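Given next, in structure tokens, is a single chain: the form predicted alone.
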């Protein structure tokens, strides 16, 4: 029996970057969209989809209201990088429209891929996003002290070097750092280092960082 998405918005996880990481179920629903909402980068992945394409910028509040209105008469599909339920604007849409009007199709997050690339389990880790969030460093220090593994989403300001310097300044030193760049893409790189060495690293753009307590001590 075919799924009914009448009066609903479909929120699709587009994975870490490479189109082959997007699930067949997600691709099926993207092709059926009448209105496709997403960042410029994500919309460029689907040049052949015959839908009205709406660029998501920093107009989240206004656009969420429009999505709710459009979905009353047209099939709206919202593209989200990584997984929709992991540090995304999905929560704004669900809060506005209600869970019963939202269908969420999971994707592979860059965090999940980073842990896989580093060969580390992530079921015993905790997570924080510094992407566009400059006020989370106190929370970051607390997490690094309390957990053996911390996964961090970064941006061009909150870089691995900035993170390393801040942790050292707070007296945290014996930690291993994995810096995961361009995950899933041909230029992917995984660099393993320590905090002291990371302070001098010049990394551009966003990366996923994993901080690991090499002593396996909680302090």
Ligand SMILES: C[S@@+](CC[C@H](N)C(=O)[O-])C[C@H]1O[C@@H](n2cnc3c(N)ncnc32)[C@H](O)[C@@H]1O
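Here the structure is a predicted model, which is why all the values come from computation and not from measurement. Numbering follows the first chain given and starts at 1.
This next part talks about the form predicted together with the ligand, which is not shown.
At the 4.5 Å threshold, heavy atoms of residue 71 stay clear of the ligand in the predicted bound form, well away from it. Shown alone here, residue 181 lies within 4.5 Å of the ligand in the predicted bound form, counting heavy atoms only. Within this chain, residue 131 lines the site of the ligand in the predicted bound form, having a heavy atom no more than 4.5 Å away. Residue contact with the ligand in the predicted bound form: residue 154 places a heavy atom within 4.5 Å of it. Residue-level contacts in the predicted bound form: of 207, 210, 9, 22, one residue has a heavy atom within 4.5 Å of the ligand, and it is 207. Contact with the ligand, judged by heavy atoms within 4.5 Å in the predicted bound form, is confined among 140-148, 109-117, 71-79, 96-104 to 109-117. Along 83-109, these residues reach a heavy atom to within 4.5 Å of the ligand in the predicted bound form: 83, 86, 87, 88, 109.
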